[in-house]
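Take a look at this single chain, the form predicted on its own, given in structure tokens.
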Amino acid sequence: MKVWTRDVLREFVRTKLDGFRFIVVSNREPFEHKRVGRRVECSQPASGMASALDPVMRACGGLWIAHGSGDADRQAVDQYDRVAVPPEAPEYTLRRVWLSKDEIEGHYSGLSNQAIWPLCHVAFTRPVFDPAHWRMYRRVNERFAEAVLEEAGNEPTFVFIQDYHFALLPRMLRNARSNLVIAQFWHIPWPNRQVFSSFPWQEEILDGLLGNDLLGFHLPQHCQNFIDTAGALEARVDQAASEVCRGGHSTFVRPFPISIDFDEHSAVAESEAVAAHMRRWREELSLSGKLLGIGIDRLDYTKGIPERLRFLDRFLEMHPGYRGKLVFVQVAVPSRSALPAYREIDKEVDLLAAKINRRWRTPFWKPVILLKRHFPAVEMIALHRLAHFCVVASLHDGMNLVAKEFVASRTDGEGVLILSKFTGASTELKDALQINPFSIEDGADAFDLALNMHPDDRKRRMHKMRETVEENNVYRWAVKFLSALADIEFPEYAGERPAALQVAV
């Protein structure tokens, strides 16, 4: 088994991308500066995308362009809106783009998360298609295009765009500059052709994405859905090559299941800091003599938080002997709380947790502990280490890195992962207890199996999942993505382009 490390990725970039600048673009920034009393603190926000890309950027160096959202972000940058990160030992540069309140509401809260997000997730939430949101979405994409072009200058540059916030950006860059290699990773699912046809600006979105040289998704099915959707345009589709050609330009569409820094995560799990937090959690949650189940998610309607609480309620109905013995901790990090759909799921989770606790509680115990705030990674890893099982019940998810983080945390070989079959992670983590999150009986039975699984079976399953996550870590994901450019011919780079990005993966 080849070992994929930060050093391997760094050497790959040094030898294969020599002569190219490297720019990552995302809406969410990897570090934000916030005022805490009279001090300014720099921290990493809660974001699966940012946490996955940060170790890649530390290995590659280069520049990351993102929206500056921290209340002290302007205070931290230089005259060019740049700051070196991470602050304690800088390894790359963060360039911040400033957005007005109207731009944030129209681009991020509006079209991105009230239209594209629900459209791409089969979670039965109606999308909102507001022309004003569309205009602001296009405007913000233009703002980021200006920042990329300013940073790239006249140098050959590799631009790596992240996610659904910038579907128009690739075409804008393609039309403006020929010395750019443009690739994009779409972190969420892509719906089937019929579903996407409801999007009022579908041709503009597809044309924007076909400005990429390479477009990546988590799963082959997402790739196929996109290719089928693109076939509705005046475009030539080569199914065998997974290629779409429009206006004389080809876009290659490939699956790249994203992952985490397994070695770093496992090392933190073995640290004294995690051990200290484990002791604190035991005391705060009164876990002596108790069994622990956990869920860790953003407070989002796609994550299946009400569903897993209903699993617990049904489980206690079926197995009342666990009353007073099982504690279920749900960490629900507030997210997009200005949007009506998110306020509704917040209220639903509160009411359901209270109802279950009223039904089952005893004078010294309650089954649900709901924690609605962001915790540092070290505290979440400590919770992973204490849990008898972890539930990932997403109704639809591109990948879900919480599942992989739980597996990486279990250096002791213990713990059971209960995993929705509608997550991308389910295609890799075959030894999880896979469930239909829409079935209460399925979920309740998985709780029972997780708590009563034979120790040998439990360890065997965890060992196999750890091997999978270790081998397919975030550095392998990055190298595979970059090396896929070896399949692409760039006639305009004759004599300039680096050697073929070829590596055994």
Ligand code: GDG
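Predicted, not measured: the structure shown is a model, and the values here were computed from it. Residue numbers run from 1 along the displayed sequence.
The same protein also has a form predicted together with the named molecule, omitted here; what follows describes it.
The chain is drawn here without the named molecule; in the predicted complex, the stretch among 49 to 57, 28 to 36, 450 to 458, 64 to 72 whose residues come within 4.5 Å of it by any heavy atom is 49 to 57. Taking a 4.5 Å heavy atom cutoff to the named molecule in the predicted complex, the contact residue among Phe262, Trp134, Trp117, Tyr92 is Trp117.
Checking Ala408, Val402, Leu173, Ile435 for any heavy atom within 4.5 Å of the named molecule in the predicted complex turns up a single hit: Val402. No member of the trio Arg308, Gly413 and Ile440 reaches the named molecule in the predicted complex with any non-hydrogen atom inside 4.5 Å.
For the chain shown alone, Pro376 is a contact residue for the named molecule in the predicted complex, at least one non-hydrogen atom being within 4.5 angstroms. At the 4.5 Å threshold, heavy atoms of Gly398 reach the named molecule in the predicted complex. For Val274, no non-hydrogen atom is located within 4.5 Å of the named molecule in the predicted complex, even though that partner is not displayed.
Taking the partner from the other structure, the named molecule in the predicted complex has no heavy atom within 4.5 Å of any heavy atom of His107. With contact defined as any non-hydrogen atom lying within 4.5 angstroms of the named molecule in the predicted complex, the stretch 339 to 363 contains no contacting residue.
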